[in-house]
Every structure is written in structure tokens, then in C-alpha cells.
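Here you get one chain, nothing else, as C-alpha cells; it is the form predicted alone.
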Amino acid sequence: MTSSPGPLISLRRAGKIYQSGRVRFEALREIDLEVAAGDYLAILGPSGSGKSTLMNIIGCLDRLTSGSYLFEGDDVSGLTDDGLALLRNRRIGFVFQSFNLLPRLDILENVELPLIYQGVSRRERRERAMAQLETVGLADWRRHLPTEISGGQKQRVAIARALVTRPGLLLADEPTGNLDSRSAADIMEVLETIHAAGRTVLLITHDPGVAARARRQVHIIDGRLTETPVGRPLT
């Protein structure tokens, strides 16, 4: 996809409707949202608010029913399924609440995995994976299996894996949801370090305290967005 001087993400009157037989559910309603390159945005909302649907749209895991979505100035709706997959694999890094690490691969192999799918050479894979493990402070744990490390460490590995493809956007879905308070604070510090290095970070959360760490907040409820002024976290 071609780069653009405009926003990294631009949603205009975005809507998503799910239909099952006669049952019709409007998950997103007239969403307008822009995210600039280098921004750090939290999307805050309770369960069922539409935040997971919005994440799936932004992450190109689902398609809009109405409205438009531009990523780096290009219309995502015009992409084929293969085009969407390519965009996800090369331009968006995903971090999930459940870590999604492969238990039979060691930490280094888990981080390398996306580069295997991209056809990157073994030597370059190893170098890039090690560099990201250094970033999250786990280089010395590279030969351990996921079952041998803590939840906070697993999430650090997941972040390293998300960054190894050098994506323009890091999309973190409830990254602290399965962690104790100390580990959650550590992960938020890692995300802040990544943002400070120039990466665009988009955080999905139900936790106002987590959302307050971001540069911007938007609140989603019943599929609609409202912006929250910086320094005034929702309670």
C-alpha cells in the first residue's frame, strides 16, 4: 500500500451490522475516527460496547457494512481477502489478552514465527527476533518455553512477536486483562516505551486506569464513539 501524508487510520460514518435470520444487530454506528502516525490512542468501553468489533475493523479482520476505512490513505474496502491478509501481516502488529503463544516453540521461535510466513531468511529472522526480545527485556529467556515463564513475560513475548515485522500500527486488545496489577503496570511501561520510539499504538481496554496512560482516549458505548479530554479519565 502506498504511504500518505494524511492520518494513518481514517474512519468515516463507519457502520457494522450483523444479521442472523431476522435478527439484526448494529454493532457500530456512524463511527468517525482519525489516528495519526505516532499517536497513542485508547479505545475504552464495557463488554458489548462495540470495541471488539471496532478492533476487528481497524485490524482488517472484518469488513464494514457502511462508511469508509482508509489505512495510510488507501481504501481498505477495495482489497481482496488476500490483500487484507497482506496488510495485516506486514503493517499491523497484534497483541491479544490470551497471548496466543505456541507452547512447543521456545520464546525466540515464537517471536520469529511471523517472519517465517514472510519468507525472511533464518539469519535475519534470528537477528530481528533477538532485537525485539532485547526491547522487551527477555533476551536471556530466549530458550525457555512459554510454560516456563510468567503471564507478564508471556505478554512481553507477544509484544516482541507483534513488532518483529516492523508494523506501522501496534494493536493491543486488552493486553493487561489476564495479568496481576504489577505485571499490568510493567506491560503499560513497555507500550509507552514503544510509543516513545515512534510507533503508533492503539489500545483496546475496559479499564479506565489503563486507558488513562494513553495520549488520547475515545469511549465507545452502544456502538458510538465520544472523545475523552486528556487528563480526565472516565470513571
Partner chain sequence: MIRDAVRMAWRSLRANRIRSLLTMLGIIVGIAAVIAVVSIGEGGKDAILGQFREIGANQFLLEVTDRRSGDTLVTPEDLELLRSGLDGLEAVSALQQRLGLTRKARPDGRESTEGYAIVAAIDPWYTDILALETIAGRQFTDSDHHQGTPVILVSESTAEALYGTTDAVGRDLDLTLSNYRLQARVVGVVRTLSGSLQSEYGQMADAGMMERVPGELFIPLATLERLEGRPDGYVMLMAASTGPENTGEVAERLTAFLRRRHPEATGNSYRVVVIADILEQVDTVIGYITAFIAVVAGISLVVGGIGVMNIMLVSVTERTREIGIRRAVGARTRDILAQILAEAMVLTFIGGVLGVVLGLVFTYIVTRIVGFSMVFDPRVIVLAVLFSSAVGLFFGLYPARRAARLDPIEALRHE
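Positions refer to the first chain, counted from 1. If you're wondering where the values come from, they're calculated on a predicted model, not measured in any experiment.
The protein also exists as the form predicted together with its partner chain; that form is not presented, and the subsequent description refers to it.
L101, heavy atom within 4.5 angstroms of its partner chain in the predicted complex:
L101 belongs to the contact set for its partner chain.
Can A131 be called a contact residue for its partner chain in the predicted complex at 4.5 Å between heavy atoms?
Contact with its partner chain, no.
Examine T135 and determine whether its closest non-hydrogen atom to its partner chain in the predicted complex is within 4.5 angstroms.
Judged by the heavy-atom cut-off of 4.5 Å, T135 is well away from its partner chain in the predicted complex.
Is there any non-hydrogen atom of D62 lying within 4.5 Å of its partner chain in the predicted complex?
Yes, D62 is a contact residue.
Are all three of D82, F96 and R122 close to its partner chain in the predicted complex, meaning a heavy atom of each within 4.5 Å?
Every listed residue reaches its partner chain in the predicted complex, so yes.
Pull the contact list for 109-145: residues with a heavy atom within 4.5 Å of its partner chain in the predicted complex, in sequence order.
The stretch touches the partner through E109, L113, P114, I116, Y117, R122, R125.
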